[in-house]
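In the form predicted alone, a lone chain appears below as structure tokens.
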Amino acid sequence: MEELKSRHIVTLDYEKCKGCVTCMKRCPTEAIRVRDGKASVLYDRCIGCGECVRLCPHNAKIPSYDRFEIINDYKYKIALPAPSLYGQFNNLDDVNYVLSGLKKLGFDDIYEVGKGAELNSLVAQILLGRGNLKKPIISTACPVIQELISIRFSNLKENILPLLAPVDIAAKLARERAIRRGIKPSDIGVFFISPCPAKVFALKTGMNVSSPSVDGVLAVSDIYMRLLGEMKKIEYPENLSRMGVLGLQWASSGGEAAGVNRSKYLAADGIENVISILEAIENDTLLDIEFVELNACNGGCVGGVLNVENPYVAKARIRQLRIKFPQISSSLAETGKSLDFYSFEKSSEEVDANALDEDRGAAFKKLLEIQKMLATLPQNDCGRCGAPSCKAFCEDVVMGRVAADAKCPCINEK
């Protein structure tokens, strides 16, 4: 899994990296170290939140995604645009310009992820109505949240809403539609246009599905100028959009929570706020809440680092587009699928990234070593040692990530 994350989340441009520790100090899972003047990532702890990409003043963090030309590897190409894509364009009064532009770029079919979001919401309403899910129910449409729960809040695993992300639902239905149209399965390529690297990782590794549902993940930022050029040539767009407001509102924080049709819900965005809410759930202080929507990016998916527009501007544009849509444009009956179709196909892998050793005795011994070493340090968490905290430095020494005789620079100065 660590190797997969290193290829499908974020990499480092060593020439641009100045070793400034900005990313290290802001990483929510202490997954970054700065040694010998360059940053490095402990991928077993990385949750793909994109904070390092967003905050790096030197643009040294490179989010992973597929090059646009990959679509040419398939004869029949299907685009899956995220609802947040519509918020990237100024003066857009009809999303069909975006969808028609995608067809001009070479896609043969379009299936809006917002359509999958509507179906997810409808199934969630049914599951919540049954009353047998552990509350508060936590949505994991944002893959960062599921990774974070797996790494830092594993005891909240039973609170997870076990529904596939809208993009997986859309991908499965889009592929089936192409096959019904007589397209050979081997000729079909399904491509998600992603706002963030976390979704790249989730789709590439097949999070919660038996096998990856898409054939490629493109970045909004990479496709934007190509798409904008084609949109400007369109006088009369095709009527391609099939989603309603319910799907569109998933683009920004609170849209999913509103779609579950419950009054006792909470929506939070921004990784620090997300962690605070998860801690509150862990401490049983949110007992009056039924449903929790969490988004790692500020503003929700409009805040993803693969987008091009300011998240608050994009959110305003999405809000203005709402009047152009019906309230809902999907029904579960139209798909003819059972609820199992929308549910997790496999359980998520639980990873204890903070485990010191598989053997309990050895782990306890290492813990004592860390505590003993920590007691000798100033515990000011300055980061000069290349670790985000004094405790992390001690852990690095005990775990062999740095030389056993490594010294804290603060102590060496005394």
Partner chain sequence: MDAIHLEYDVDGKNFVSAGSATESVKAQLKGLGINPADVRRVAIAMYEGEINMVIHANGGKAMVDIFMDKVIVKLIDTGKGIPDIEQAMKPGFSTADEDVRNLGFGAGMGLPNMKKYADECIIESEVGKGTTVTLITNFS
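Rigid core (definition): largest C-alpha set, two forms, superposition within 1.5 Å. Residue numbers count along the first chain shown, from 1. From a predicted model like this one, the values you see are computed outputs, not experimental measurements.
Keep in mind that the form predicted together with its partner chain is missing from the display, and what follows is about it.
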Segment assignment from 307-315, 274-282, 197-205, 230-238: heavy atom within 4.5 Å of its partner chain in the predicted complex
274-282
Is A363 close enough to touch its partner chain in the predicted complex, meaning at least one heavy atom pair within 4.5 Å?
yes
Using the partner position in the predicted complex, report whether Q371 sits within 4.5 Å of its partner chain, counting heavy atoms only.
yes
Proximity of N354 to its partner chain in the predicted complex, heavy atoms at 4.5 Å
yes
So in the predicted complex, is its partner chain close enough to N72 to count as touching (4.5 Å, heavy atoms)?
no
Sort through F153, Y224, F341, F325 and report the residue having a heavy atom within 4.5 Å of its partner chain in the predicted complex.
F153
Name the residue from K391, K18, R401, K25 that puts a heavy atom within 4.5 Å of its partner chain in the predicted complex.
K391
Core-aligned, does E69 move its Cα 2 Å or more between this form and the one not shown?
no
CA of G361, rigid core aligned, shift of 2 Å or more between this form and the one not shown:
yes
